[in-house]
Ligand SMILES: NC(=O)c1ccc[n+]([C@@H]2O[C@H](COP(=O)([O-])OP(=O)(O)OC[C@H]3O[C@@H](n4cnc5c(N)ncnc54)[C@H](O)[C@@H]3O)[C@@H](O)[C@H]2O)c1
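Before any questions on binding or motion, here is one chain by itself as structure tokens, the form predicted alone.
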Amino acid sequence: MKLDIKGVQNSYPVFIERGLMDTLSDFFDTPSTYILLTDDGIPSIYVEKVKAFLNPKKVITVKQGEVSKSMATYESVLLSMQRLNIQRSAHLVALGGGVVSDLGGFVAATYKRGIPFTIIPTTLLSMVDASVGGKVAINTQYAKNSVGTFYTPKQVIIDPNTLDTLDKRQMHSGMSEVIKSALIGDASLFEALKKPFNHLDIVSIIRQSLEVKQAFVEGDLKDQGKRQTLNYGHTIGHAVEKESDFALLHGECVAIGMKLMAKNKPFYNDLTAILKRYDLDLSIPKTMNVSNLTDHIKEDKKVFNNVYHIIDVEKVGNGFIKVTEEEEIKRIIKGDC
């Protein structure tokens, strides 16, 4: 199965099929100098498979988690490549979750003003979200994803078999982004998610989620308007994630944001039932307060000239952008604090 996604620089294919990790020769047909970027939480079986085929000049392994989406790690990766005199013809392969694809994409976009890169996502979150769309970024001490650009990968290779080794918490975190995609753009997917997980076809779930993202991305390549709808649950979610110092997973925080935004909506009970199935029926930790969370939200990329844009859903499958004020966001947060 293949989706062709329009990007800022060019279009690129997204391949989705079980077993693709065993057929990498179908995707890398031109000899090149390869750099493999991964993290220390990726099962060695996948790292070794990629190494065996690519014979990379350098394997760069960063720490697992958001801690690696930092200026320090970004610089460290760049310097590792420069020490080896890696040229502009090199090809970076990002193997791992959303952190690796975001970091790897930003490295590829900026190293010698741009080198090709491929994403091989190994988590559900990266398969349905981070690996597609061309956004590449790192975090600062003030905000998540606040330093970055748009840079198109050469290709994305999704092998759902890699999910067999993913722990339950990470899997559930990924399901949060699937639920988000359903709420903003696919009512049929939301209906499907009411079934137990073992009744779902994960390949179809990934495809449907990406088709939702594709529609928003291709209509707004640089995230200036409708594409922001993909951030449903993220305005509050990112603030909670940052305030937790990333102890909470991205999907867990997005679930909190979605649940708060859905209060008093006709689909609220259905949403909470689905969230419970994936241990995502969560609340803002009691240690957090409205003031600190609001301070984080002020750094949100959807704030323009001190005007807050937040994503809302009134009817499943129809997300939209709502202009609001800080006091309204505080009211929403107070409903959980």
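The first residue of the shown sequence is 1; numbering continues from there. Note that the coordinates shown come from a computational prediction; the quantities given were computed from them, not determined experimentally.
The same protein also exists as the form predicted together with this ligand; that form is not shown, yet it is the one meant from here on.
- Taken together, 172, 186 and 272 are entirely out of contact with this ligand in the model of the complex: none brings a heavy atom within 4.5 Å.
- Among the residues 99, 239, 157, 182, the one placing a heavy atom within 4.5 Å of this ligand in the model of the complex is 99.
- Of the residues given (261, 130, 253, 210), 130 alone sits with a heavy atom within 4.5 Å of this ligand in the model of the complex.
- Looking at 186-194, 73-81, 263-271, 117-125, the stretch with residues near this ligand in the model of the complex, meaning non-hydrogen atoms within 4.5 angstroms, turns out to be 117-125.
- In the model of the complex, residue 34 stays away from this ligand, with no heavy atom inside 4.5 Å.
- When contacts are judged by a 4.5 Å heavy atom cut-off, residue 91 does not count as touching this ligand in the model of the complex.
- Contact annotation: residue 64 falls within 4.5 Å of this ligand in the model of the complex, judged by heavy atom distances.
- Contact check for residue 204: no non-hydrogen atom falls within 4.5 Å of this ligand in the model of the complex.
- In the model of the complex, the residues of 35-61 lying within 4.5 Å of this ligand by at least one heavy atom are, in order, 39, 41, 42, 43, 46.
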